[in-house]
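Just the one chain here, laid out as structure tokens, in the form predicted on its own.
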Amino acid sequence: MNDKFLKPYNAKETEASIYKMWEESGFFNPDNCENKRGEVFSILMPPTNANGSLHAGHGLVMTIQDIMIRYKRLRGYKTLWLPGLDHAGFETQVVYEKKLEKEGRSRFEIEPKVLYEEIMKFTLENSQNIKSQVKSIGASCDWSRIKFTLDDDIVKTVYQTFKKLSEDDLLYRGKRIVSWCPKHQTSFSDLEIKDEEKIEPFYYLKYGPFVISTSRPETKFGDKYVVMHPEDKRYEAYKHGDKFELEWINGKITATVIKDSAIDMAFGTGVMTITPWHDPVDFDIAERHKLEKEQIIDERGKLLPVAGEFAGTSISKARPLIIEKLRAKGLVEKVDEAYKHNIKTCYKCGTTIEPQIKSQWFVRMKPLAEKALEKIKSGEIKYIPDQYEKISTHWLNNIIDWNISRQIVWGIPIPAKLCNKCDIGIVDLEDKEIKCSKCGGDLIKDIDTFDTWFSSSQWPYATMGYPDGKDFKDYYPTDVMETSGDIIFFWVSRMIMLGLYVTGNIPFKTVYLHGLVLDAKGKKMSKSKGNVINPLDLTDKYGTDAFRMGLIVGNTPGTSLALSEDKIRAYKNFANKLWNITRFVLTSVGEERLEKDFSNYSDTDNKLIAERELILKDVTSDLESLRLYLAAEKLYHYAWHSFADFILEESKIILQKGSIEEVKSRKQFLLHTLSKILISLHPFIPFVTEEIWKDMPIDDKKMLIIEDWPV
């Protein structure tokens, strides 16, 4: 027995060398592994944002996926786990803007090309850090295939998809109302805005013969249409198109009556004025009736000259002043001081979203969603947990067109030209068009970038080298898409839609969604709360295997996990226990070596073998069904309680007092059982099991990472 077992297991001394051994072996690459089953298994690593460090959520992703891939590798599948890094568009630019703020600089003062180069350097530096951290979690992914969302071949694929959408009339550029963040100066899709409940005053204002209600008097300067439901008996005397004069914020105006069934007769007075430039519902009404639209608030959140004396004033400052002026004119009917409602905010900075009409690129989503719904309903894509199927289908059934334009520097530039005369957009991958095909006007380059989700939603086929790449032919569709449940719409559903649209096939067969990693008290982690768990701190303190077990045991899919240091400490004890079990077994068997075909077991040992095989069969079933948390717990209890607490104690007596045959039987049973425990635990705690495996007395032994599964 190696003297190393006389000392406690030291993760710090072994993990780096073990990972280096795995990397140098080439077994992370499926091309170097024997395909014993003649089957493949592939998963894609959700591309990690290359703008910071790993957090506990990343640790969970890496652990779950590594368990899947190591298990399938042990089962003899040709396994591909393709790693990736994400330029992360807006997310990364926000991180970099914070860095600029600390330096006393602003992105608006930096030339776009220079800013892009600065962020690229920042991202590439972070990428090396991220790769190192992913390795420290034990991820056995194929680093020779790593992809970055700004790689030339990925960008080329994204551009081809953009062009195909245009050719198939699924892409259009138009002046539509979008969600605009005044702080970050960019538009968002509907998924990147957050509803926040607020209590604020609700004003009832006299508008000629009507009373209208609003929480946003600052938008009312351009209101010249009063809308009511055509079936509202209270206002049947007013006809569609009627005009009347009234005194308003800055003097007399002429208003027009509009009848539209979008009005909720039960809300307020059943009458409202509309601000088409700054409200989606109002915009739709104006579109239906071909009404004028006037901008009231600029892109910085300040009032325009139409507001008269309030021009240049921010919304928050202007609102009480506007009400004061209306009150002086006798136009305030009443005020509800405790109006509770939801307002839309930027998901990164919390700034109130200001709807604006802008020319943007939109993808028509309904046709894409219909194809996805067909595949989901037919059962071709399985969801774990299954309630996410209902969540996905509900969203897909109610999907709206996707704004893919972003007014930021960092990202994939949109390959298009814009006409400075008629404002149409022309997809131009070759950068050749110089005149507008519609009006003959001069074309200028579109300076917007793609929404980062547009490129990452093409990740499965883009990374595999669609359409002619060998990996695409061998590994697409992938088997499992494992990611966080909170990005099911951002990413998962969009991958299904674009994967089907471009390749004609689903991008993955199973969607496995995990919950959030919370702190020990069950609270969401945030820097402001000071409760963020750095996985590297915990792996350094307790070892990576302990961290992985702490993440997986008790972690059911789709459910948030409260992660405590005590839990991880307990699994450090488990790694030590396995080490001590090995010391006892190797000491007890002496010079005995594991005989692979040994069958002359005692009746007692045959009973123990039957129990062991039943446990391992059960564990295998759990892993096949992706019940990883159950498999881990069963192996833990078998190794610690059945094997260590009972069988090893019984073995002391048998090895001392048993017959020659009983002793031989028990020694072989101990070696076979320890080897099976090590192999089956390897996906969960790969470092300590591989370190122990080096010293197992087995002839013609392979590295544990490519051993044969014990069932």
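This is a predicted model, so every value here is computed, not measured. Note that residue numbering begins at 1 and tracks the sequence as displayed.
The same protein also exists as the form predicted in complex with the RNA; that form is not shown, yet it is the one meant from here on.
Participant: Select from the listed residues E236, D195, E111, D431 the one whose heavy atoms reach within 4.5 Å of the RNA in the model of the complex.
Facilitator: Exactly one residue meets the criterion: D195.
Participant: Of the options S106, S437, N573, Q185, which one has a non-hydrogen atom that comes within 4.5 Å of the RNA in the model of the complex?
Facilitator: The option sitting close enough to the partner is N573.
Participant: Exactly one stretch in 164 to 172, 376 to 384, 75 to 83, 559 to 567 has heavy atoms within 4.5 Å of the RNA in the model of the complex; which is it?
Facilitator: Correct option: 559 to 567.
Participant: So, a 4.5 angstroms cut-off on heavy atom distances: do all three of I263, Y339 and K577 pass it with respect to the RNA in the model of the complex?
Facilitator: Judged in the model of the complex, I263, Y339 and K577 all sit within 4.5 Å of the RNA.
Participant: Flag T214 as yes or no: does it have a non-hydrogen atom within 4.5 angstroms of any non-hydrogen atom of the RNA in the model of the complex?
Facilitator: Yes, T214 is a contact residue.
Participant: Check V281 for me: does it contact the RNA in the model of the complex (non-hydrogen atoms, 4.5 angstroms)?
Facilitator: Within the cut-off, so yes.
Participant: Could you confirm whether E633 comes within 4.5 Å of the RNA in the model of the complex, counting heavy atoms only?
Facilitator: Because a heavy atom of E633 falls inside 4.5 Å of the RNA in the model of the complex, the answer is yes.
Participant: With heavy atoms only and a cut-off of 4.5 Å, decide whether G89 touches the RNA in the model of the complex.
Facilitator: Because no heavy atom of G89 falls inside 4.5 Å of the RNA in the model of the complex, the answer is no.
Participant: For the stretch 644 to 678, I need every residue with any heavy atom inside 4.5 Å of the RNA in the model of the complex, listed N to C.
Facilitator: Residues within 4.5 Å: A644, D645, L648, E649, K652.
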